[in-house]
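Quick setup: one chain, the form predicted on its own, written in structure tokens, and binding and motion questions come after.
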Amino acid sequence: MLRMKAAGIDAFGGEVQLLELAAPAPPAPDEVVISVRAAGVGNWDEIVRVGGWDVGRRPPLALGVEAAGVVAAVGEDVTSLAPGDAVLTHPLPLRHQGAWAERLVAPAALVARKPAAVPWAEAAAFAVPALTADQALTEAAPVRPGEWLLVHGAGGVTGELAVQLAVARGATVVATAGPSSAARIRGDGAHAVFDYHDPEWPTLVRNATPSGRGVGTAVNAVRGGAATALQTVADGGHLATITGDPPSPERGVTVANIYVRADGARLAALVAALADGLLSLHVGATFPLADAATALQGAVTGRAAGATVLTLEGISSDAADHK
């Protein structure tokens, strides 16, 4: 049996370690096999590690739910991609193993081409935060031109992409971020940035809006922060939270709890915007596959000022080398 190197767990709740797992079989008719160049690491991978997010597979499990790489093989029904194409994907539910591995199986419909202008590391860490921010602003809390919108936690990767997307759609964005991120978020087009360490920040946000009535829409990207963000929303507005902590609705405010959904077509549009400079993503730290445990710890604690990425450079791209 052909084997591949991976990083993941042998039981839910177990420590992240290097694994040797079965390499993918030839792809099904609708699938592609991707030789992974780099994979994203996020706090959502910790949720998978402890068994809190069902990604479609059980241990022994390569973690990781987003990656960029080169198509190695395509199924017989796949006409949109060919071996050698550079791609990125968020391929849930998993068909084989997670993205922290030499090879990744994905339905072709969930794969987007990687523009040449987008580096591997940025592409690897883009899919989950970009799709999450887009789905929050499109489906759960649709933002309209001229509307006032709050992004609570704009200093994080997903929060910053939400700011950029909302500004591009014509919203007047106010945001919360730490002092080290404030200038960057203002550079993204935010009208005002408030320090979330200030306990009065919800009042400051409301006071910044016309007549002090509050924002029409809020997106919460801070764990445990949704109830506080709700205080800034005008009566009858919308709140979307991406951290699994939706508060009870009040004052006619619609509350939505967002879990990212795989979508190859939207990912293609979003990564095109990244290539065109309409969106940006900063990679704060890169690690080799062998240091996946350290990478995950850094992503969970937020030590990296930007996205965290595992690189698979230096590992054979041929799974047949590991028998």
Ligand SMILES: NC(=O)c1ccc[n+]([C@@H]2O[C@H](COP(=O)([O-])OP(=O)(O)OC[C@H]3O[C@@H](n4cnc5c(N)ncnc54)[C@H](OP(=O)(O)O)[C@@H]3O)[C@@H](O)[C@H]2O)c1
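Not measured: the values here are computed from a predicted model. Residue indices: 1-based, along the sequence shown.
A second form of this protein, the form predicted together with the ligand, is not displayed here; the remarks below concern that form.
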Fill in the blank from the handout: For the ligand in the predicted bound form, the stretch among 110-118, 202-210, 69-77, 242-250 with residues bearing a heavy atom within 4.5 Å is 242-250
Problem - in the predicted bound form, the one of Val157, Ala166, Val87, Ala141 near the ligand [non-hydrogen atom within 4.5 angstroms] - result: Val157
Exercise for the section: Report the residue, out of Ala123, Ala177, Leu149, Ala229, that has at least one non-hydrogen atom within 4.5 angstroms of the ligand in the predicted bound form. Expected result: Ala177
Exercise for the section: Mark Ser181 yes when one of its heavy atoms lies within 4.5 Å of a heavy atom of the ligand in the predicted bound form, and no otherwise. Expected result: yes
Problem - Contact flag, Ser280 vs the ligand in the predicted bound form, heavy atom cut 4.5 Å - result: no
Exercise for the section: Considering only heavy atoms, tell me if Arg223 and the ligand come within 4.5 Å of each other in the predicted bound form. Expected result: yes
Exercise for the section: Would you check, heavy atoms only and a 4.5 Å threshold, whether Thr217 touches the ligand in the predicted bound form? Expected result: no
Practice task
Just give me the residues of 242-272, first to last, that have a heavy atom within 4.5 Å of the ligand in the predicted bound form.
Solution key: Ile242, Thr243, Ile258, Tyr259, Val260
